[in-house]
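Here's a solo chain for you in structure tokens, the form predicted on its own.
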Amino acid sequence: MALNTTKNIKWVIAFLVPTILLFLFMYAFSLIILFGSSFTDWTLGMKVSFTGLRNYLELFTDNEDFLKSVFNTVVWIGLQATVHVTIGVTVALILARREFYWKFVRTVYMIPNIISSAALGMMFLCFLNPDFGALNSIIRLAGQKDFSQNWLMDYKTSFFTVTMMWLPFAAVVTILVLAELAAIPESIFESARVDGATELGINLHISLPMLRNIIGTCAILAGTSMLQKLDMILMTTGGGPGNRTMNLPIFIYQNALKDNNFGLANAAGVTLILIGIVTVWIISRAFRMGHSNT
């Protein structure tokens, strides 16, 4: 027995070593550089010098774009983890009834999620164009002949418009919840119907409590997806008008790749990571992830 245990440990180590090395070189080493360089004045072409907390003080006390990007990022995380997930779960509960339309709706609803974000951004850019866009054209046909709203670059509408480019499209949440629903024994639902429970009652008192862990997982995936939302915003508004639709990835991109201020960008990157950790912690606590559904 001891010999077999030793062999098993050797095999476990053999399989773990490549993964650990990959993590150390691809992630851990990069995180160390990111954190360390956030305390430096690191500008392309200039000598790197240690500046202590100066980058963080500048970000939180004297950088309006950064504060706005943090605010937008947090708002989008909240909307994704609540409204976006609620839409996906609701669609899943409807499709789980397997009416005649369920396969068609499931397939069509998935289309925006299988198109690249950059291509989707270009589609919205054309759809919302103030001159030839389909949305303005439809409004003109409805009677507003001179209507010409610049949905993406108007300060009053840009944030809402950008948000609606991803908020309703919760097909990934729907698919995950549908898979979890399929794993619940049908006998539980049949017993509830025999006892006189309505479909609404079954969803509220049986389905949703049993789906708590997967809904929590979806909330984490949806919320943290806002920490990497770059290409769609870059293709449509670029963070504008002004800083109205700027988020942390856009702020980091502009400071690192446009202004070549890597020290300031990496300080913002550390902030982004901390927001992600806090997001995961809050959602895990809210949904009591890992605890029994009973």
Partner chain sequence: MNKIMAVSTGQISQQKDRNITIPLDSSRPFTQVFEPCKKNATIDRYFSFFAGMEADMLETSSYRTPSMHERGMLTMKNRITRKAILLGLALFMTVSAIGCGTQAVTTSTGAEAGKTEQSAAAKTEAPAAEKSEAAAPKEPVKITYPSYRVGVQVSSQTERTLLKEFAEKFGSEVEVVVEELPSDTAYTDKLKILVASNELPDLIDGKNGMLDLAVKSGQAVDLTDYLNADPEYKAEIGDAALNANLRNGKPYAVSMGRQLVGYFYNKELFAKAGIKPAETWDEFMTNCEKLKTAGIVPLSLMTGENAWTTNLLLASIVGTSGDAGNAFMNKQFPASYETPEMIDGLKKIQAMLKNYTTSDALGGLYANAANNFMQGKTAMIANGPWMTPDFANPEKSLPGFDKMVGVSAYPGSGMFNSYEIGYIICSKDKEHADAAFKFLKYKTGIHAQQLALESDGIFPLTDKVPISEELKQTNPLVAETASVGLKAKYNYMFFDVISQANVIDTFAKLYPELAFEKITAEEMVVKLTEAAARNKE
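Positions refer to the first chain, counted from 1. All of these numbers come straight from a predicted model, not from anything done at the bench. Heads up, when I say rigid core I mean the largest set of C-alphas that superpose within 1.5 Å between the two forms.
Another form exists, predicted in complex with the partner chain; not displayed. Remarks below refer to it.
Shown alone here, Leu67 lies farther than 4.5 Å from the partner chain in the predicted bound form, counting heavy atoms only. At a distance threshold of 4.5 angstroms between non-hydrogen atoms, Phe132 is in contact with the partner chain in the predicted bound form. At a distance threshold of 4.5 angstroms between non-hydrogen atoms, Phe160 is out of contact with the partner chain in the predicted bound form. Interface membership of Ser49, defined by any non-hydrogen atom within 4.5 Å of the partner chain in the predicted bound form, is confirmed. Residues Ile32, Ile33, Gly36, Ser37, Thr40, Asp41, Trp42, Thr43, Leu44, Gly45, Met46, Val48, Ser49, Phe50 are the ones in 31 to 57 with at least one heavy atom within 4.5 Å of the partner chain in the predicted bound form, listed in sequence order.
Taking 2 Å as the criterion, Leu21 counts as shifted between the shown form and the other one: its C-alpha moves by at least this amount when the rigid core is aligned.
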